Each structure stands twice: as structure tokens, then as C-alpha cells.
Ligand code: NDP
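A lone chain, given as C-alpha cells: the form predicted on its own.
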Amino acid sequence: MTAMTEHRTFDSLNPATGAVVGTHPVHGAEAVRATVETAADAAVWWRRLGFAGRRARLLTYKSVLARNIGRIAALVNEETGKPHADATLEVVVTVAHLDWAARHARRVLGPRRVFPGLLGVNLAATLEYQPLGTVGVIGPWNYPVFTPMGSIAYALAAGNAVVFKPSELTPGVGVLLADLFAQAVPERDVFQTVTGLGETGAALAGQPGIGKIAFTGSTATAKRVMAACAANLTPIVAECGGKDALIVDHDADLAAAADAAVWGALSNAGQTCVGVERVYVVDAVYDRFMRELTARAREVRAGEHYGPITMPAQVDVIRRHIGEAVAGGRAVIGGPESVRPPYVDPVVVEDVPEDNPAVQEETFGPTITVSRVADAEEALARANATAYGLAGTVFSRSPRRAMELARRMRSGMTAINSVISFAQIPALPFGGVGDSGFGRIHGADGLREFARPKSISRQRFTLPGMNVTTFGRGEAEVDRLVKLVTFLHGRRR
């Protein structure tokens, strides 16, 4: 269900046509507070359902989403401008994640016995993960279903209520997701949406009744959200930007690598936090790779294969980066003339210096910088030489070499001989390091992100002559303890 209505409103627009898609209320601080209070009551009911009750309802929600894939994708298409097929793919992967979270929550979070160690032989130890209460989710516009649901689905499966603030560019999608949940779970307002601008998100982050904030957006905005959370010591998981690199080793399948680079860089108009923005190619195969890359990139059409730039302000960033890249390197495809708002045609620039803003800053547009390197070691060093650390890609026919490079890449996720493939695997955690944020969604780590560990120890029987946690202990008890520890741990192994 959505939050209470206020008098102020704003419109969501189709970025390709400028047509009004929908009109939504601007929820202020009071409306957000009331919504969080409602969520607190719903969270108690949701928690008491237990894993089995929540699983049943979440699987019903999954079925509702699956039956409404076309409706959801159509709205995503309208509010973001991305092709209907891409919007459909986004919803399909989301359904798979929701299914995984619902089915695995008990296994990951449920009570389990823990070995207490020989010093605690008389104790029973139990570990379980308990809900945080209400989770606030502040979502992005580029993947308005897949990305926020990566937090929402896992938070719900962990036993929390959710208050979702979607991007002001895609509010209708956020409202629809909550409305469809209400069809599956009509009893309580477990999942609610509040709409508005930045002030609405700030109000949600600053609410004392929030157990955790899950934020996706720019690094700069993440810092402001963290500042709002600090007032109540509200923890936050932040998935921020990236400047992801693709490495092409000397033995790579060049056709597959070029195809992956083009898709990773140009799909969704480059508006993908884990998209490819930099490519490093070993010298021995550089020229052949560039022939493959340019042949494919020339076939891609803005407005046909990908949509417009959804956020108008991003056009200025893309225009600046293209200009700086071309000034420092050589344009292979496109250039400054490729920017024709709201569309940007594909741009490929090579030989751009590493200190160029087009290499160091997130562009979030359909552009690629390609650099020639001596070997994969140089490629890895350049790939890691950025403040970001979200994702990356390695192409190599050697499984051992590819795994070594993937492990050493400074990123939260790395795909080998594919691009962005980790995002479609529900069991794999998703998140970055450095300026790309911290914390994880998806997988077992994503479930634990929205729960708190609870440790319980129970004394099963007393140990005669070994009770040292009492003022009634004597020297004999301490001596026995020292002898036991020396016996167990004092010998060299």
C-alpha cells in the first residue's frame, strides 16, 4: 500500500517524449513518520508469522509479480524510456531473486547449534538472526525494479517491514510494486511506498524508527544519506557508483569479449552501475579486438537498441566526459556530436590518459574508453587504480589465469568470460568497496544484512571444581583452568 496523500504533487515524465506518465504526492516529514509508525505495527505481525508464514506470502507475491510482468515492464518502459525487452528482463531476474530469498531465509537465518568449545563443554550455544524491524529503502531510477527489490525482497524475507522511497523519476514503479504486494498480503501494511523528492528520502533516512537504510545512488548522495542516518545511529547499506573495467587477455575469445564490452557499455544507455566503462586490452590482440568492437558498436542505435538518458542532468556529465576523452585521446566512434538530448549515440575513444576524468569519474552514459596494455598485469593495475570498486570483467581462455585476475581485481563482483552475469545469480552477494559503497544485498549475505545476530548460551550442567565466574572461586579452580588451557593450547603443532 502507499502512504497517506498530501497536497503537493509532482509528475513523472517519459524521458523520451516528455509526456506525463503519472502524478504523485510529495510525502513530507509527517507523512513519512506516520508511514514508519504503521510499518512498526506491521513488522510485529510479519515477524510473528515465522519463516513458514512469510515464505508462503512471499511466494504468493512472486506469483503476482510473474503474472504482471507485462504491466510492470510497460511502466518501467514509460518512466525510464528503456526498451520493453530490457524492462522485461529486469522484472524476470527480480522474480528469481524474490523466489530465492523466500525459500532460503530459514536456512540462512534460522536458529542453529554452535559448538561451544572444550572450555564450554557444559554449555549449549545457539545462533540465530532476528529482524531489524522496519527497513527503509531508497531506490534508483536506472533499474527501478531489480535494484530496490534486491533490498526489499531480502529485507522482507528476513522478517522486516519495508518503507520504500523510489526515485522521483520512477515513482509509479515503486507504487505499483507495493500495490501488487498488497494483493498478495492484504492483512497488514508490511510493504509501503512513499513518493517525493530528495526531502522525502532525507525524512526517511532520519526517522528514529528505522532499523536500517538500504540506499542505491551516487557516492555524493550516499554521504548525505549517511549524515541523516547518523542522528539516530541508523546503520546503512550503500550501493554507489562504479567505473568498471573489462580486461581482455592475450588468449581471450575476442568476438565474445567485444560483444560483452558493447553490451556492458551501451545497454540501458550506459546507465548501469556495474556496466563497462573502461576496457584494457593486451597489446598482442589489441588491433583485432578493436576491429571486433567497432564493427559491433556501429550497429547499435540509440532509440532502438537502448533508450534515452533518463535523468536530464546526466547529459551534461556525459557531454563533458566525451569532450575530455576526445581531447586527450582519439575518437573511434562518435564524439561530442553524439550528444543529442535526450539521446546519446555510442561513443568509443582510445588512448585516453589514465588521469583523464573520462577514465576516473563515473560517466553513466553509452561511452567506452579503450586502452592498450603490455600484459594482463598492467591491465589489472590500471583497472584497480580508481577510488571505485564495484564490479569488473575478465576475458581469458585460461580458467586458472582468469580466476587469479578476478580474485585480485579490486571489486565486489567480477564476471569471467561474460558480463554482469553475477547479478542474475541470487546466491551471490552484490555490493562494492571504496567509493562504490559497503554492505551487501542478494544471497545469504543479503539476508543477513537485514537481520541482527542473536547469540544464546545455556548452561546444561555445572563443572565441579571449574566454576571461575563467581566470587566464591578459589585458587584451585583457577589453577585447574590454567592447566587445561596449557594442555589444550600450549603445545606446538
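These numbers were taken from a predicted model, which means no experiment stands behind them. Start at 1 with the first residue shown and count on from there.
Note that the form predicted in complex with this ligand isn't included here; everything after this is about it.
In the predicted bound form, segment of 326-334, 85-93, 208-216, 120-128 with a heavy atom within 4.5 Å of this ligand: Going by heavy atoms within 4.5 Å, the stretch is 208-216.
Distance check, C240 to this ligand in the predicted bound form, heavy atom within 4.5 Å: Because a heavy atom of C240 falls inside 4.5 Å of this ligand in the predicted bound form, the answer is yes.
Contact flag, G201 vs this ligand in the predicted bound form, heavy atom cut 4.5 Å: Looking in the predicted bound form, residue contacts with this ligand include G201, since a heavy atom lies within 4.5 Å.
G174: touches this ligand in the predicted bound form, heavy atom cutoff 4.5 angstroms: So G174 does not count as contacting this ligand.
Contact label in the predicted bound form: V285 to this ligand, heavy atom within 4.5 Å: No - in the predicted bound form, heavy atoms of V285 and this ligand never come within 4.5 Å of each other.
Contact assignment for this ligand in the predicted bound form, among G159, P308, G412, G196, heavy atom within 4.5 Å: None of the other options qualify; the answer is G196.
Among the candidates R224, R401, H250, R296, the residue which, in the predicted bound form, approaches this ligand to within 4.5 Å (heavy atoms): Of R224, R401, H250, R296, the residue with a heavy atom within 4.5 Å of this ligand in the predicted bound form is R224.
Stretch 108-143 - residues with a heavy atom within 4.5 Å of this ligand in the predicted bound form: I138, G139, P140, W141, N142 sit within 4.5 Å of the partner.
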